[in-house]
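Just the one chain here, the form predicted on its own, laid out as structure tokens.
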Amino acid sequence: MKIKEHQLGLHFLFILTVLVLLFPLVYALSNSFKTLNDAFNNVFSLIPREFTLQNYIHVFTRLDFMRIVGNTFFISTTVTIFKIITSLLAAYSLVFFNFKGKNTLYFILLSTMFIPFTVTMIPNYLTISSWGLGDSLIGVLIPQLADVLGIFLLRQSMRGIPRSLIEYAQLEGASTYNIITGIVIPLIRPNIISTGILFFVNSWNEYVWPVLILKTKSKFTLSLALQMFISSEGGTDFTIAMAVSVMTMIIPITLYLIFQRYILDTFTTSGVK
């Protein structure tokens, strides 16, 4: 396809934006394979002069890395599953059930999206502490089992499903469970997957809430472990920190590569609608 002259500027801007977004990732990957001296002496070089795996070896020998990855994966997966379930059920109720005050309830829920986390952080912390769940993975999980953003996104997806299709299924004697699993979920599967990935990545990268709850190093998540390592090293041995950063982003990137078709389908469907 031939590029027109007036489109050259847009293409150049797009390429420049991509390079700016990719540079931190490439920089972290490059420095994770450098020695500390090489990293300091060749700050802007993306090709290591002294290629080494010692940074990664140091991470696995210095940190209980697999346990930390397991903690992070457990929290992120559990949070994602519960958020999808609660969002799916709430969205279905708001779209296909008729009850008094439905719109009012929806807008009240929607308004909570604009409440800063710092406002709810202290009440949640006091509640978790009073339940004796401080310094536990369950204490990290409980305040994150529902998400208004998920309700909003899945509700918008379900609004495209013809109500007559749901009514016909009800006339045939299908239960709500069968309708949700047999009709609704297959129709909005790309939206569910893309929303789930959004939840997973947000939980994977979460730092503020886990750092308030978790105190024992064996229960740390990757974000806490990275911060702990940087602090303990005085922030100087950043090549090892880069190795931790690279391993931290491997799973989210892998998830995107696996499910990118569903994510693109979500945007395509939204555009057609």
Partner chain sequence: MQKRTKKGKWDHIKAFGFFIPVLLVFTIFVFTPFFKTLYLSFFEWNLISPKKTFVGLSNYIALFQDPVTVKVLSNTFVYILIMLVVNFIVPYIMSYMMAIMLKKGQNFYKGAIFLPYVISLVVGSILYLWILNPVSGPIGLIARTFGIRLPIWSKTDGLVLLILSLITSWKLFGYNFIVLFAAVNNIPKEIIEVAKLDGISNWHIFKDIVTPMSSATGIYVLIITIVQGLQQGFTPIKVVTQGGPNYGSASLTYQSYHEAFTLYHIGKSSALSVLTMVLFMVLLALEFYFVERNVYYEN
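Note that this is a predicted model, so its numbers are computed, not measured. Here, rigid core means the biggest group of C-alpha atoms that superpose within 1.5 Å across both forms. Positions refer to the first chain, counted from 1.
This protein has a second form, the form predicted in complex with the partner chain, left out of what is shown; the following refers to that one.
S.K.: Identify which of V43, I47, M66, I57 has a heavy atom within 4.5 Å of the partner chain in the model of the complex; exactly one of them does.
M.R.: After the contact test, the surviving option is V43.
S.K.: Is there a non-hydrogen atom of T77 within 4.5 angstroms of a non-hydrogen atom of the partner chain in the model of the complex?
M.R.: No, T77 stays farther than 4.5 Å from the partner chain in the model of the complex.
S.K.: Hey, in the model of the complex, does R189 get a heavy atom within 4.5 angstroms of the partner chain?
M.R.: Looking in the model of the complex, residue contacts with the partner chain do not include R189, since no heavy atom lies within 4.5 Å.
S.K.: Is it the case that Y207, even though its partner is missing from this view, gets within 4.5 Å of the partner chain in the model of the complex, heavy atoms only?
M.R.: Y207: yes, in contact with the partner chain in the model of the complex.
S.K.: Within a 4.5 Å heavy atom cut-off, is T52 in contact with the partner chain in the model of the complex?
M.R.: Judged by the heavy-atom cut-off of 4.5 Å, T52 is well away from the partner chain in the model of the complex.
S.K.: Going by the partner chain in the model of the complex, which residues of 164 to 201 come within 4.5 Å of it through any heavy atom?
M.R.: Contacts from 164 to 201: Q170, T176, I180, S194, T195, I197, L198, V201.
S.K.: Aligned on the rigid core, do the two forms place the Cα of M249 2 Å or more apart, comparing between the shown form and the other one?
M.R.: Moves: no, less than 2 Å.
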